[in-house]
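Only one chain is included here, represented as structure tokens and corresponding to the form predicted alone.
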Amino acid sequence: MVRKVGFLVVVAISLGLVLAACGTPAPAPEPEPEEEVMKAAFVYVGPVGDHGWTFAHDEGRQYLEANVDDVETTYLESVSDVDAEARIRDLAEQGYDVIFTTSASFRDATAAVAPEYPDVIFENCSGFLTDENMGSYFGRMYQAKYLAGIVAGMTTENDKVGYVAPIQIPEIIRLINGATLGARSVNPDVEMEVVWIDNWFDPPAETAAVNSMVDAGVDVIFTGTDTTVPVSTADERGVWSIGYDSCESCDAAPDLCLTTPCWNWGPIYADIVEAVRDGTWKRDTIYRPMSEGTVVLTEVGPAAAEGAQAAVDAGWPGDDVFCGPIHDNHGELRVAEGECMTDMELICFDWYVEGVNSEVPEGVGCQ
């Protein structure tokens, strides 16, 4: 009898264990919500293989993909000003969250499309227009051009430097002026020759511009266009050059290229996309200085005059480049001593500083 009772106890305990094991399982933890995928589109004025302006912006796009989670990007290259509005509108229709239009020449097209798509954020490079869902972004490239001008002013033997200039807009006038002020800060005899090609990307015209200036005695060539053609052409002619846009510009002429003012767009793109994602984006005109890393000047090359790197390191002009006294190229005092130009005056630049052998056509500025 005792053995039977013991057996029943064992069975009861076993059944209890089985029933406990078969009880309602603990609820599984809920999966973490997936981060919303942000879709960003880029509209380029040139081809990504230009090794200049568009190449640098595309490096920024790739930085965005590599450094911000859950971002998808696309781009349109070689978009003309005529087609820009339709192409931007098409991207908005496709549901992109952020559309970056990477040229000042796309400013008006961006401003025309933005009000039609209030749920899309539009950002225009080198513009100044903003709206409820439209901002602008740029960097103070004139600061790096000023420092490159110091290198050019120390290196030139003929006191003649030249600038291959694309489109006659305030942005380019500002950069020419910055380079000229830098050169004349160390060599007051320097004169700046300017040849306009009226295009961002035109290798044959860029080559012709360099050749015409070299034939006229220019021995340092600044490029302001979207390619390295002026750098390589200057090398073929045996004169020095200053690159632009991409920090690899001097690779086209490593023996005679002096330095390169260049762009680092990635952090700006990352910051804007993150702000859109977390709801902190606001209409703004971003204008970042060299100290924040958007604008870079590469190390001065061995072809530069002795002491050029030290002069660059010590050559920052104080508050900023465009502080008085500054005269224009007709001798008129434009910025008084103790005063500095405002950002809006810089954005709307429509005159040349002393030393520039060119004239600004009517209609250039913020009309």
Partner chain sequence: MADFSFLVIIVLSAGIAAGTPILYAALGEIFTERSGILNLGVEGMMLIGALAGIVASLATDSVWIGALAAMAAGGLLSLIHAFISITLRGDQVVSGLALTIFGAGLSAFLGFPYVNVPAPKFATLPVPLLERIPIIGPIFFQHDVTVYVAFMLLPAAWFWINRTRPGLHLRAVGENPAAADALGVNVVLTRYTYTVVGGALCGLGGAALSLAYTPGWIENMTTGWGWIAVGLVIFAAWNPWRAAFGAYLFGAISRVVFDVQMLPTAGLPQIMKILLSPEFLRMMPYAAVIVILIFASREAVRQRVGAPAALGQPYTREEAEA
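Numbering follows the first chain given and starts at 1. On a predicted model such as this, the values are computed, not experimentally measured, just so you know.
Below, we refer to the form predicted in complex with the partner chain, which is not included among the displayed structures.
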| property | result |
| --- | --- |
| Residue contact check: Gly338 to the partner chain in the predicted complex, 4.5 Å heavy atom | no |
| In the predicted complex, Trp200 touching the partner chain (heavy atom, 4.5 Å) | no |
| Residue contact check: Asn177 to the partner chain in the predicted complex, 4.5 Å heavy atom | no |
| Partner contact for Thr233 in the predicted complex: the partner chain, 4.5 angstroms, heavy atom | yes |
| Whether Arg184, Asp343 and Val356 all lie within 4.5 angstroms of the partner chain in the predicted complex by heavy atom | no |
| In the predicted complex, segment of 220 to 228, 83 to 91, 132 to 140, 99 to 107 with a heavy atom within 4.5 Å of the partner chain | 220 to 228 |
| Answer option from Val79, Ile172, Val194, Met154, heavy atom within 4.5 Å of the partner chain in the predicted complex | Val194 |
| The single option of Ala111, Met290, Ala275, Ala208 touching the partner chain in the predicted complex, heavy atom within 4.5 Å | Ala208 |
| Sequence-ordered list of residues in 238 to 260 near the partner chain in the predicted complex, where near means a heavy atom within 4.5 Å | Glu248, Ser249, Asp251, Ala252 |
